[in-house]
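The chain below stands alone, shown as structure tokens; this is the form predicted alone.
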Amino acid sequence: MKENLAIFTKDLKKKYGEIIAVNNLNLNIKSGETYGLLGPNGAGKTTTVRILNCIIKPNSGEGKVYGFDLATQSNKIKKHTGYLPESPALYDKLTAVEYLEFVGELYYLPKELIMSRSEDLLKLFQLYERKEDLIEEYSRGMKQRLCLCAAIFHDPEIIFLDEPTSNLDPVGSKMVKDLISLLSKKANKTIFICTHLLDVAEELCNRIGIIKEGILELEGTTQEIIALKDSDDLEEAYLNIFGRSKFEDLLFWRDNKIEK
């Protein structure tokens, strides 16, 4: 039943003029599940996650996040969700400590909790030694890690991550992947990941939805998708949906090229 789902949508549609970015999207994501929405740039992933975070409104359809209605209870949804956008905005003239304090105050967290949680997260993401530096002095990878700190700062039940490993080196990427796995398995968080990287989806997600031109083409576990597309692996299954040209844009995780 949809009341037991962390995320539920029925026939969600979003148009920009004549362009349909999301077309009749139906999602049923259980509490504690790590779900990956997989597809190339422009497929509708970011539009979907922005709708689910009540940043933009759909043209039609309905949905619930953590039991709250997308159309009428956006403030309640935002209290229970964390969101890491693909291109997050930061206040470059603040330090990391000041920025996380600002985030904590947005959620009306007690001062003592803000300070202790800031310290814990900055240590976890290996930013503690630079906590008093201005954010403008951070590398892109450090900024990405700080934004992830902010996304989980208020301990949300549902975490939306749009390309969470972008801008990260291999060490930072592994750190983020390990944290996502920990949040899912140990903290029972529901995690919704938008990605165009097959390894991220395959490694972290219980189920994967493949979206193409705003339409959810296929959904299931990695093995179910492989079987449905009569393929040897997820790479080949993806190829069967998008074709070689789209696939070349997707798989720079394999030495930044595809062996042809």
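These numbers were taken from a predicted model, which means no experiment stands behind them. Counting begins at 1, following the sequence as shown.
Keep in mind the form predicted together with a small molecule is missing from the figure; the text below concerns it.
Taking non-hydrogen atoms only, Gly61 never approaches the small molecule to within 4.5 angstroms in the model of the complex. Residue contact check for Thr46: one or more of its heavy atoms lie within 4.5 Å of the small molecule in the model of the complex.
Though the partner is left out of this view, Ala21 does reach within 4.5 Å of the small molecule in the model of the complex, counting heavy atoms only. Put simply, Asn41 is close to the small molecule in the model of the complex: some heavy atom of it is within 4.5 Å.
Proximity to the small molecule in the model of the complex, taken as heavy atoms within 4.5 Å, picks out 33-41 from the listed stretches 33-41, 227-235, 63-71, 202-210.
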